[in-house]
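For reference, the chain that follows is the form predicted alone, supplied as structure tokens.
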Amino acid sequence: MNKESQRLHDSSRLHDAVDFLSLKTIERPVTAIVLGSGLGDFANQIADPIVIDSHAVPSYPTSSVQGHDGKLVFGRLRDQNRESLPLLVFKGRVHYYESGDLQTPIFPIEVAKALGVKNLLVTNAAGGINRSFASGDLMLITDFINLAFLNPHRPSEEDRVTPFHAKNKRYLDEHLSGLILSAAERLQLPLQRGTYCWLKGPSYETKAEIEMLHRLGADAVGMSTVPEMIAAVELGMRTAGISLISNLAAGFSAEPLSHNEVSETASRVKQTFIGLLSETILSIKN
């Protein structure tokens, strides 16, 4: 398939998914949230939810990973006399390593944009590299390292004049990140800050690899988030991210790494995570 045929194919898939979802919902979402491994229970906070199984959405990718239910939830948060803007919650994500196709993990982001989303909050479960972090910490993502060496950016006419790498884009929105910090302060929740590193996966890193990432300046490592953030910014959306430090990376813990540990940690800090994310979303005004 040549580039033009691929573009038309991708456009048709997106159109089919958006048309289907538009018929199922009343309000157009303003803010979207991607829920990472073990963090899907946040979706239960949505008032009067419209829940759509991803299998039912034409052309929509489905996850094969434990802890990613594959549901789209539309609605609002309500807390006493406060109400959020309309939301789209992605309960689970599809990772690059599941298909080897970068279009797969960013497809939900393109759907969100086409539905009207302006703000994207991305969450994940990550391995802690910073030696001051502990399992169960929450970390505001302040920067990222793309060691998958993949980029969902699609060159445009402008890029032929101004190379993409010279544009110095800011991928993490200061305003949205500031709302997360302010929410943590109001709730008196400790919140780490740090750099997230994206690797392709699906295997966990070796001790030597973790030491390398530590020397490069990574505070946490995972297998998602970065392509979603890049795609969102390229589409004109504001984005910010929160990592749950679900386990200490290889070499920092005596126990072998496992997905069960991720799930157990997420369950342990569920209410803290829900509180922080809810307070942040309720403070978003546009």
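Quick note: we count residues from 1 along the sequence shown, nothing fancier. Keep in mind it's a predicted model, so treat the numbers as computed, not measured.
Note that the form predicted in complex with ligand HPA isn't included here; everything after this is about it.
- Here the chain stands alone, but in the model of the complex its contact with ligand HPA, taken as any heavy atom within 4.5 Å, falls in 220 to 228 among 54 to 62, 40 to 48, 24 to 32, 220 to 228.
- Contact check for Phe144: every heavy atom lies farther than 4.5 Å from ligand HPA in the model of the complex.
- Interface residue remark: Ala126 is counted as part of the site for ligand HPA in the model of the complex, having a heavy atom within 4.5 Å.
- Contact check for Ser243: every heavy atom lies farther than 4.5 Å from ligand HPA in the model of the complex.
- Ligand HPA is not drawn, but in the model of the complex it has no heavy atom within 4.5 Å of Ala17.
- Residue Tyr204 is the only one of Phe107, Phe74, Phe133, Tyr204 with a heavy atom lying within 4.5 Å of ligand HPA in the model of the complex.
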